[in-house]
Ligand SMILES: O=C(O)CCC(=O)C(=O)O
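Just the one chain here, the form predicted alone, laid out as structure tokens.
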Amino acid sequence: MSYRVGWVADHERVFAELQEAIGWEQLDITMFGRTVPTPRLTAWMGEVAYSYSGLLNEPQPWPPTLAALRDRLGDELGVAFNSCLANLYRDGSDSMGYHSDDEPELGLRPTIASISLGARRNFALRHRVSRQRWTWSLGEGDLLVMREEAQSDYAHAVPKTSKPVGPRMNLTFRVFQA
């Protein structure tokens, strides 16, 4: 894993542009026999639909600002990203539980480049066997790149917080193998 603070220098402008340009959705998820709205807004940019946790994400067109970030990441990391799952956490009550991005369409050892815009929120990482945990405060244009065994050996989450916090956008670029 690698972490770069402030990778997006003009993060406030980029956040505002993408908040407006992306067609955000709140999908319903069924957990433990109960259907509830996901605790965040999402959008999927890619060539084909993407399913995970029983959710079907239909592809949306790439806003120019997001396509520019994808191309810059590809040049710097040497990875031909062709999709992005965007999450918008509106406040501290929006969250994402522990999970791994290990769907077959992402390959065995996917590289996922995660850009965090907006307010800082804790991003938690937990080793699957030892249960050891790490936490980063991500936002304001930070870049976290997860490679190699990051998805097979670890789970990650964006926990809820009772602290007052503004919106945070997370852009997770992937290579999706349809």
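Residue numbers run from 1 along the displayed sequence. None of these values were measured; they are calculated from a predicted model.
Beyond what is shown, the protein has a form predicted together with the ligand; the following relates to that form.
The ligand in the predicted bound form is approached by H99, whose closest heavy atom lies within 4.5 angstroms of it. Contact annotation for V158: at least one heavy atom lies within 4.5 Å of the ligand in the predicted bound form.
At the 4.5 Å threshold, heavy atoms of W44 stay clear of the ligand in the predicted bound form, well away from it. Within this chain, L85 lines the site of the ligand in the predicted bound form, having a heavy atom no more than 4.5 Å away. Residues are counted as partner-facing when one of their heavy atoms sits within 4.5 Å of the ligand in the predicted bound form; in 140-178 these are H156, V158, R168, N170, T172, R174, in sequence order.
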